[in-house]
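So this first bit is one chain, no partners, the form predicted alone, shown in structure tokens.
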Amino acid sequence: MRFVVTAGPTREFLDPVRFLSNPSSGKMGFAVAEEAAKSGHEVFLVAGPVNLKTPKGVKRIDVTSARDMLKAVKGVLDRDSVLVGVAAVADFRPKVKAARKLHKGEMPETIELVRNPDILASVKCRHKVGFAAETDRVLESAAGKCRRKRLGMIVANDVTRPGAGFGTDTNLASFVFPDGNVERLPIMSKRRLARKIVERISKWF
């Protein structure tokens, strides 16, 4: 199978030196790409700005913004692919990007934002798996996203819990399915969690 994996953050620029983003390290997405490649799948990794080495056997495409990421995903995705959306994609971007650095006196008091495209919801393929980084009502929020985006599964985690979330080498996650079933997992390394995700997806083939 062809796996298309998104990883890391996106950056949405206000001017050439300022942007909206988040603390995603890309570790989870890179681990999923590596495990999928080890399982013999063709893997395309669409990565936001991160400082990580490309896993062996993985074809990497570097991007910056959410719109860049969507374009790259569409360029390699086909209807028989599996899309694993691990990236922490910025939901909004500044409506206007200045061509030069805005000096302090030129900065607006408020910045008008526009919504970015929802990558998982806007593409069609054989299977789609999402991630939900939440701080409250974790399983309820994840289940809603799973249904709205027509996902086969969503991996939910509470980023406020010790050992989970951005920048860590471990994760504490649950698999949430469209029918409402939940598989709670103990804390484990992101590599081990990635292996479990790839194994779960492989059962769908």
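The shown structure was predicted, so the numbers you read here are calculated from the model rather than taken from an experiment. Sequential numbering from 1, following the sequence displayed.
There is another form of the same protein, the form predicted in complex with a small molecule; it is not shown, and what comes next is about it.
**Student:** For residue 145, is any heavy atom within 4.5 Å of the small molecule in the model of the complex, or not?
**Tutor:** Yes, residue 145 sits close enough to the small molecule in the model of the complex that at least one of its heavy atoms falls within 4.5 Å.
**Student:** Is it the case that residue 72, even though its partner is missing from this view, gets within 4.5 Å of the small molecule in the model of the complex, heavy atoms only?
**Tutor:** So residue 72 does not count as contacting the small molecule.
**Student:** Closest heavy atom of residue 161 to the small molecule in the model of the complex, within 4.5 Å or not?
**Tutor:** Residue 161: no, not in contact with the small molecule in the model of the complex.
**Student:** Would you classify residue 149 as touching the small molecule in the model of the complex, given a 4.5 Å non-hydrogen atom cut-off?
**Tutor:** Close contact exists here: in the model of the complex, residue 149 approaches the small molecule to within 4.5 Å, heavy atoms only.
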